[in-house]
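One chain comes next, on its own, written as structure tokens: the form predicted alone.
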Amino acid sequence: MVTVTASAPAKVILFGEHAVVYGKPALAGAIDRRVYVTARERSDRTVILRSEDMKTKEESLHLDGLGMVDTRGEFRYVKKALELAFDRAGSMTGIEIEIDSRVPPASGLGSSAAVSVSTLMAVLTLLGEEVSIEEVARLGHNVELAVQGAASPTDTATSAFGGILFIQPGMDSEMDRYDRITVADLPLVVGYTGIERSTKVLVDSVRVLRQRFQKIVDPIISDIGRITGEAKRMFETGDGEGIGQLMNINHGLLEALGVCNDRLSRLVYASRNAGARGAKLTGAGGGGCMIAYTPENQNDVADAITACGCNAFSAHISIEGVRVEKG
């Protein structure tokens, strides 16, 4: 039986979270933490899903019931990706899917996007389909839309394409635009609070704040957008010191929007005190992760985060997005 393994990277939002919801640009980067999905063909009509990273380690269902699955279960992204892959190929087969994730879930690092994108690539390759990265990104976004009800294409595009993307959201009927930013290296330390959080709840909290104080909140959102545009220019000119300073300003504005918490703030300030050039929360906030830009003092910054009782790991930008693993 045929076996295919595909992988896709996690992501961090470097600049622009929350403001991107209101049409402002964002900068997102794929990082060198990946999700690996292995697809094995079966001779019967059974679908078996396995992952050591989930509370439910294994789940099985009949192939004919795939389109009627409950999208609230732990394997919901995998099931929807399977359904869309089979629909794209026009054929179905019994299959085993094994997930090996190096990305903490519900942390703001795009684990669901990486699972969706790598499942699509593994299954479509298994079925003999030639598929472009652009199509995998589009299908991955459709997976997240179906499961979440609403989703930005930022995570799935970054996981599919890799590198750093400058995302300009489309307005009304316009398509989102992605520009790839070339960066020699961007050494980061990621601090993980271990607090799982809901992106939807945090986005809603900013919406409610804006409804009450629109004249105050709108300038904050606009300033975050301007920071993102300036950060793009600094990436292109290699102004590392400016990048760190803009991260600090961006974090302060996110705190003003109320999406930070005590633990995230402790990690951000501990990182700066340990020598990071800049540090900020990444993603929706409320827990999850923060990032520190660390061309120097990486070990000191990681130790400072660990001393706060949280996990830390070094990360670099992954130029390569989704791929089929060899061998």
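All values derive from a computational prediction rather than experimental measurement. C-alpha atoms forming the largest set that superposes within 1.5 Å between two forms make up the rigid core. Counting begins at 1, following the sequence as shown.
Although not depicted, the form predicted together with a small molecule is the subject of the following passage.
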TODO: Can you check 196-204, 176-184, 115-123, 90-98 and let me know which stretch has heavy atoms within 4.5 Å of the small molecule in the predicted bound form?
DONE: 196-204
Open item on the list: Under a 4.5 Å heavy atom criterion, is A284 part of the interface with the small molecule in the predicted bound form?
Closed with: yes
Task: Partner contact for T154 in the predicted bound form: the small molecule, 4.5 angstroms, heavy atom - done: yes
Task: Contact test in the predicted bound form: V20 vs the small molecule, heavy atoms, 4.5 Å - done: yes
Task: Partner proximity in the predicted bound form: I305 to the small molecule, non-hydrogen atom cutoff 4.5 Å - done: no
Task: Cα displacement of V21 between the shown form and the other one reaching 2 Å, rigid core superposed - done: yes
Open item on the list: Please determine whether the C-alpha atom of L257 is displaced by 2 Å or more between the shown form and the other one following superposition on the rigid core.
Closed with: yes
